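Before any questions on how it binds or moves, here is one chain, the form predicted alone, in structure tokens.
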Amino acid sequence: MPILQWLNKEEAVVTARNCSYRLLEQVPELSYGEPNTENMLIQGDNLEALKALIPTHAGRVKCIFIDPPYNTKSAFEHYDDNLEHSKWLSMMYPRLELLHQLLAEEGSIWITIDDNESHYLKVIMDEIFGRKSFISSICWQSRYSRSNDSNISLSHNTIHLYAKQPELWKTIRNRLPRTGEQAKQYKNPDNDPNGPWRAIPWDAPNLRENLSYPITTPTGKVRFPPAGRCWSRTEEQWLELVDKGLAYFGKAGSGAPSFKSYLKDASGIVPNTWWPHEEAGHTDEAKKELHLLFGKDNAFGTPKPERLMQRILHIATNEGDLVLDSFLGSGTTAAATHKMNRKYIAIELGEHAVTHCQPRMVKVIDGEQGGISKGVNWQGGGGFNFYRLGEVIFNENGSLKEGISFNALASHIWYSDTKTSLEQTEKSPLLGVHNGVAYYLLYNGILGDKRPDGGNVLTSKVLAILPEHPTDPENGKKVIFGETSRMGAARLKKENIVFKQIPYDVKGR
């Protein structure tokens, strides 16, 4: 597969791996609403924030939407969109690698971009996600007016769509509801009690002898398929429609055969690649949404409309699914996701995480009625927790720093050994079982005593009080992390234990 090369790509390829793990520390005074929520608003560098999420959220995110800087050589008030081309690629590559790790197997990622970097982004997406994961490049009509100062006036942005497992995603992807304009195709000229309907022609292309039978109209006229065509289904299937009263021959009763298809039975619309502004919103609409929230003098330079996010979330998710945006900007993704009863992780680097995103989400929880609120009957409620990046878990040489919490270390150890997220509901030295192996962590006095023989050091006494192997108590393999072991090699082998010493056997990369 062809790949893209640029200055310093070799460094970009290892950036995600070499990025230090940091803790996420909650900021109570900036959190709001219901405290027991999974919704996260994170202020900090999105590379480090994504790395911090890997141990707890890898493979759990159903939908990722990002609207990264477009590298347009113009500067916006709230972020710098003036990155040299190779730097832009080096900035995107490691972040896309981490997003790939966070995406669920049935998940999808949507990225808005313009022509400056669209084609380059497509190539590095192919490299990271695989060409087979590519679904489509959607053309969103972001502007409805023309710019007379341009050689060719820009009317659209591109949305690159990838799914981790395209065939799996196809089975869960939702269709779009029919618009009022599409529903107008259905009429009810005969006052059918089943409601509006439209006539579907019974003929089809090609010639098949068993599908070329005669059909008699109510006026007695005999109809055959038009030249070069046949009927779409068998005679038995046609007679079933006649018995159900669904056959239709036009107002005069002698026209070409067709059948009634009712609006009430119509399925949703398969999404296509052209999203006009009437259906998915536009940038002027987005700016007006922010003006209502913050006033014209304190708005954001390049927002996306809530209707665009509503369409993406409708297609890609259902209520309760987890959505992630690591280039949050003005907070549109979090706002629309919250109103549509999805969970979210939202990351923003700049001060507008506090000046724009956090206040916007407070307004959403309080029931603000802008954007899609009326369309989804939003009445307010819920909550989010605000986080900032805290201390680094590992030193520059990759060894564990002192004083790290049990939960942070447990999440990291579990992910490092299993490549899955830790889902421990109650704090316990038994982290869980993966592929028949039970993992334990003896750290930070988890057994109630920080003395060597009280819990952080593996001894016969500690082994006796550890929770037994859940699936194979007698012979199940155990991996135990601790400060040291006072059990000999023969005893460890007999107990089917692999002991790993903290901090030496805990790696930061």
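Counting begins at 1, following the sequence as shown. The structure presented is a predicted model; accordingly, all values stated were derived computationally and were not measured.
The same protein also exists as the form predicted in complex with a small molecule; that form is not shown, yet it is the one meant from here on.
Looking at 201 to 209, 314 to 322, 341 to 349, 240 to 248, which lies within 4.5 angstroms of the small molecule in the model of the complex, counting heavy atoms? The contacting stretch is 341 to 349.
Go through G107, G281, G371, G331 and name the one with a heavy atom inside 4.5 Å of the small molecule in the model of the complex. Filtering the options by heavy-atom distance leaves G331.
Position in contact with the small molecule when the complex is considered in the model of the complex, options T56, N456, S31, N46, heavy atoms within 4.5 Å: Checked against the cut-off, the match is N46.
Determine whether any heavy atom of T302 comes within 4.5 Å of a heavy atom of the small molecule in the model of the complex, and answer yes or no. Looking in the model of the complex, residue contacts with the small molecule include T302, since a heavy atom lies within 4.5 Å.
Answer yes if any heavy atom of S326 is within 4.5 Å of a heavy atom of the small molecule in the model of the complex; otherwise answer no. Yes.
The small molecule contact at R95 in the model of the complex, heavy atom, 4.5 Å: Contact with the small molecule, yes.
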